[in-house]
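The chain below stands alone and is given in structure tokens; this is the form predicted on its own.
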Amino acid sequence: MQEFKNLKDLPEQDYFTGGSSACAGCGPSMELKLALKALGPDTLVVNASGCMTLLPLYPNTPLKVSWIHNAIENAASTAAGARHGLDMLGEKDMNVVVFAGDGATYDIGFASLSAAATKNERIIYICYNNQSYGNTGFQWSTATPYGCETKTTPRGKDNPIGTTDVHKDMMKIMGAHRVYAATASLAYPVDFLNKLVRAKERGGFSYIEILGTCNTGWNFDPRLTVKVSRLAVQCGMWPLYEIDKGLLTLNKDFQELKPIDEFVKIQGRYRALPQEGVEKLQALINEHWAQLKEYNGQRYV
């Protein structure tokens, strides 16, 4: 499977058709459609309970590939079992791909994720990170960024900031498992597709975390899904990089990041964040970006 130079290299055939129950402008559904164009029909998708569980509502499905829905806590274990079963049947070229949200990845499903990574199971784990428990009404998760308002971290007189925690650094955690780990964005599709190619060809466990832009929970116009995704990269909120065997590579470098002002103003979840909160969020982003720049091309974990 060769790397893609541009989107013209993609096959015309779609394995994700129209007519799903996903929200208009849903980033993760577009990301899955893109991933399946690259991976092709010989793909089994394992989905932990979450927003994407709404895609195949019996007896209808927009998918033209195999699909397993399982509990929120064990997507990686299910995928590992499917991988071994397919290998026993001689179906070694079948792709086994987890497509799970941050709640099923960072929190409830972390034990099975860590075990599968430690055992280097031959699966591709894609986390569509919408930075919340989106399917149940946008509650806080350990992937929720500082300053974001959620249903369980509301702003108020006693707490004008909303989420006061700094989100978990899952990329560093997965990199420490000595597996291939990468971030991706819908706004940079060729980068995402080529990371899938590298993951497929590794022959072991791979982890790709893509920003699951969620207009419903983040409260922005669904026509702006790609714009919000692009701004997240350009302001350093969602840097594009990969960690392989502990070495870090920045895939999209900038001499200077955009200020976060436009990114936060375009979304309702940040709109009421006071100035001191905006400044703290900017400082956290700058600190992380400086760290990535410092370790670019060097051992990170």
Ligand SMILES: Cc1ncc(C[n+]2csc(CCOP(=O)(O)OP(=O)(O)O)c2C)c(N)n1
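What you see is a predicted model, and the numbers here were worked out from it, not measured in a lab. Start at 1 with the first residue shown and count on from there.
The form predicted together with this ligand is left out here; the points below concern that form.
Judged by heavy atoms within 4.5 Å of this ligand in the model of the complex, the contact stretch among the candidates 95-103, 192-200, 114-122, 156-164 is 95-103. Within 4.5 Å of this ligand in the model of the complex, a heavy atom is found for not a single one of Ile126, Gly175 and Asp244. This chain appears without its partner; in the model of the complex, the one residue of Ile108, Ala82, Leu211, Val228 with a heavy atom within 4.5 Å of this ligand is Ile108. Among heavy atoms of Gly147, none comes within 4.5 Å of this ligand in the model of the complex. This ligand is not shown here, but in the model of the complex it comes within 4.5 Å of a heavy atom of Glu73.
Although the partner is absent here, Gln267 lies well away from this ligand in the model of the complex, with no heavy atom inside 4.5 Å. In the model of the complex, Ser206 stays away from this ligand, with no heavy atom inside 4.5 Å.
The partner is not shown here, but in the model of the complex the stretch 106-135 reaches within 4.5 angstroms of this ligand through a heavy atom at Ile108, Tyr128, Asn130, Ser132, Tyr133, Gly134, Asn135.
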